[in-house]
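Shown below, as structure tokens, is a lone chain in the form predicted on its own; questions about how it binds or moves come after it.
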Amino acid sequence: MLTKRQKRNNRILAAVMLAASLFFLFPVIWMLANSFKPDAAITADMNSMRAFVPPALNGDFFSNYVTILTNTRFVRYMCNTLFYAAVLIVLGVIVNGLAGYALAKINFPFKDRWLMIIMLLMIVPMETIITIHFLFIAKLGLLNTVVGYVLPMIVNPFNIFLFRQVFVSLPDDVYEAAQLDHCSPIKYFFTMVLPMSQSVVATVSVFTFLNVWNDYLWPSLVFTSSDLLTAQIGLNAITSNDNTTTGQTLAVITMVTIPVILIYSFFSKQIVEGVVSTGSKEG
């Protein structure tokens, strides 16, 4: 049981953390409040606390959002990005998970060296190898295709390492029991390994979604058709248009930001558990 002093200290700490979180959320609150305002109101409220207060609810309250959604193709761009993210999450969990399981549980030549290579690849920034990816996709004739966009992004050294760290701790007795029931290694991976590793699967899924959602450079190189563009490219195209008002700019930025906030809100526990568990495994 906590003493009265400990309870008081916990309440003080919670109040301080709440105040600190509000301080860091000020830009988001300002962006959200002003995304409903016309430019004249944004300018008038700039130097007062009204800048953090949305306008009164009226017929023009959602006008900035309606303009963006009806006069641009931003909905199409967001749907494209969600589709790419879904495909990469499924393929990434399967491919990187199988690679991580092989490094954790299967003995093969130069296993430790392969692990070292993967760990070294984790520190190589994407920008240094993106030219190689582009030339490879161009040689295959896959530019301006979904396959060309997805293919180089499936394998992720960091995700392989996360899976490997978790799979190392899985008991071998379960696999031996599965073999007695004539369970193949692939079936064992999908029916036993992945369900026992939900935290790291959630972590990899969230990281994959955020990478796809925030990516600008790679899709800008691969895609030329407006039907295939992603949310970040659409955001840049809309905000760089001289006819886009400040309120409309804040509205489209808000629509890009909200999915990220929701992902962290709903899956923060899984992210923390996955990252902590990967750092606590030996092997």
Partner chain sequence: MSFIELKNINKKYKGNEKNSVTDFNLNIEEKEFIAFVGPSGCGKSTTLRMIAGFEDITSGDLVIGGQRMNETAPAERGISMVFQNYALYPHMTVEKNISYGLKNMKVPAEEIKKKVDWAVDILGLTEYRYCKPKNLSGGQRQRVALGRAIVKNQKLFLMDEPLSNLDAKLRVSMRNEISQLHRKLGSTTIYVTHDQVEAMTMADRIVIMKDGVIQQVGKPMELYEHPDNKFVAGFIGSPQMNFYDVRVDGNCIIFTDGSRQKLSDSVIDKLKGYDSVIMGIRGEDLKFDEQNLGLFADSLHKAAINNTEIMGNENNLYFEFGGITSVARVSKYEVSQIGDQVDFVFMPHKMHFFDKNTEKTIVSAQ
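Nothing here was measured: the structure is a model prediction, and the numbers come from that model. Numbering follows the first chain given and starts at 1.
Just so it is clear, the following notes concern the form predicted in complex with its partner chain, a form of the same protein that is not shown.
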**Asked** Heavy atoms within 4.5 Å of its partner chain in the model of the complex: does Pro195 have any?
**Response** yes
**Request:** Could you confirm whether Glu127 comes within 4.5 Å of its partner chain in the model of the complex, counting heavy atoms only?
**Result:** no
**Prompt:** Just to confirm, Arg76 within 4.5 Å of its partner chain in the model of the complex by heavy atoms?
**Reply:** no
**Asked** Does Asn71 reach its partner chain in the model of the complex, with heavy atoms at most 4.5 Å apart?
**Response** no
**Request:** Could you tell me which one of Ile123, Ile132, Ile106, Leu180 places a heavy atom within 4.5 Å of its partner chain in the model of the complex?
**Result:** Leu180
**Item:** in the model of the complex, the one of Val155, Ala138, Val174, Met116 near its partner chain [non-hydrogen atom within 4.5 angstroms]
**Value:** Val174
**Request:** Within 4.5 Å of its partner chain in the model of the complex, counting heavy atoms only, one of 84 to 92, 145 to 153, 195 to 203, 158 to 166 shows up; tell me which.
**Result:** 195 to 203
